[in-house]
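The chain below stands alone and is given as structure tokens, in the form predicted on its own.
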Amino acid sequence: MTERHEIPARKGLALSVAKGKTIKIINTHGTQVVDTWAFVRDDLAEFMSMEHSRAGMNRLTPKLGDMLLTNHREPILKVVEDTSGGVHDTFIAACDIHRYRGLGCAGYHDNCQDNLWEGMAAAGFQAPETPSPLNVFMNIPWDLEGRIDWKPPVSTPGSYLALEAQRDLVIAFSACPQDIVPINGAARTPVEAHVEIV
């Protein structure tokens, strides 16, 4: 049986997922970045860590068969399928109100950090902190001098990243509300994404 959920534009969602289930993150329109976090369900202080995952994978971006690790260096998610072009980011922190102030926003701006906390609360959990997310579909190219750029996703409508849960976990998503730099497409218009639990 497949559960399908919408990650509303500019908002968050958290779901409890059993070990062995597959989590399919779908770029419905092909342009939307989805910040993704995973927490061990019976100990939320253990969570998916990009720093530990990069060391375990020996690469900067996860590929088919790679294992994403927790801050205790234990497997939490495995990449089992990717039809999106394979471009994801493991370096950029979740956007927050401070990021948008730095980009010139005077008032409140929706942001991924708040989406994480609100999505977790709606599911009955409290995030212990805001770990650095796996930025699914986010295109942050780098050069040999260490400079980065902010580019639209290379994914196409309906393409997806599928991850297999290695633990009973809580997985959280944010349909990133970034509308100042073009990471959510050249039109800079955040839209909804979807997730399926199989």
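The first residue of the shown sequence is 1; numbering continues from there. This one's a predicted model, so the numbers in the text were calculated from it and none came from an experiment.
A second form of this protein, the form predicted together with another copy of the chain, is not displayed here; the remarks below concern that form.
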- request: Tell me the stretch among 156-164, 26-34, 55-63, 169-177 that has any heavy atom within 4.5 angstroms of another copy of the chain in the model of the complex.
  value: 55-63
query: Hey, in the model of the complex, does Ala45 get a heavy atom within 4.5 angstroms of another copy of the chain?
result: no
message: Against another copy of the chain in the model of the complex, would Cys95 count as a contact residue? Criterion: heavy atoms within 4.5 Å.
response: yes
query: Looking at the partner-bound form in the model of the complex, is Thr83 within 4.5 Å of another copy of the chain by any heavy atom?
result: no
- request: Decide whether His109 counts as a contact residue for another copy of the chain in the model of the complex under a heavy atom distance cut-off of 4.5 Å.
  value: no
message: Is it the case in the model of the complex that Arg73, Arg99 and Glu129 each bring at least one heavy atom within 4.5 Å of another copy of the chain?
response: yes
query: Which of the residues spanning 143-169 lie within 4.5 Å of another copy of the chain in the model of the complex, based on heavy atoms?
result: Asp143, Leu144, Glu145, Gly146, Arg147, Ile148, Trp150
